[in-house]
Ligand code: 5GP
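Shown next as structure tokens: one chain only, the form predicted on its own.
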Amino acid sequence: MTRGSIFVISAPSGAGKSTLIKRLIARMPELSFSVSYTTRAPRAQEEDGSDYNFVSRKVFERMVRRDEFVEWAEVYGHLYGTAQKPLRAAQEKGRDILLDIDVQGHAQVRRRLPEAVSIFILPPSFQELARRLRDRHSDAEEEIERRLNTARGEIAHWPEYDYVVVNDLKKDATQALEVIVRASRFRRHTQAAQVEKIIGTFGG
């Protein structure tokens, strides 16, 4: 059995990351999606254990003290984190797993899991990003401007990622993500167990 890979996908808000992840998993149902922990309350239509693992701040902070997270951060007063145990379990079973995290979380993952494959999603332009955020009709103009200002800082981190995918056409961007995932399955360390088994058949 080959060892599973961990994929980290980051993007500025409005770049279409969530949509691309859903499309990728639809094309590759063997991929697992890492469900993060959070202390914020569930939103409408969100399900515990599916969208997030919703826990109290007390429980989250206890997990931090026990070093149970591979990455965590406080964002707008709420805590978010990715637990280590499910990632390692998926890897040992040979399953690939996707993490949807921001640039701050990515930096932590790279330190703790240097074998992780990281992908940064870019919009085709700042103007297109602004249009997409406004077309959502879900945020006030003040919130949109805050997200756009945050995006300016986030895109400065693109050189820290292994791959960059521009989300101009969703079809092309999804295909690019699929190519990255499939190619990464043949990296040396993921094939190590299988290679050693084959080498063993060569004898002395």
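Take the two forms, find the largest set of C-alpha atoms that superpose within 1.5 Å, and that set is the rigid core. Note that this is a predicted model, so its numbers are computed, not measured. In this text, residue numbers run from 1 along the sequence as written.
In what follows, reference is made to the form predicted in complex with the ligand, a form of this protein that is not presented.
Using a 4.5 angstroms threshold between heavy atoms, residue 90 stays clear of the ligand in the model of the complex.
Among heavy atoms of residue 40, some come within 4.5 Å of the ligand in the model of the complex. Not displayed here, the ligand is kept clear of residue 27 by more than 4.5 Å at the level of heavy atoms in the model of the complex. The closest heavy atom approach of residue 96 to the ligand in the model of the complex falls outside 4.5 Å. At a distance of at most 4.5 angstroms from the ligand in the model of the complex, all three residues 71, 80 and 101 contribute at least one non-hydrogen atom.
Residues of 6-21 that come within 4.5 Å of the ligand in the model of the complex, judged by any heavy atom, are 11, 13, 17 in sequence order.
Annotation: Cα of residue 160 displaced by less than 2 Å between the shown form and the other one, core superposition.
With the core held fixed between the shown form and the other one, residue 115 has its Cα displaced by under 2 Å.
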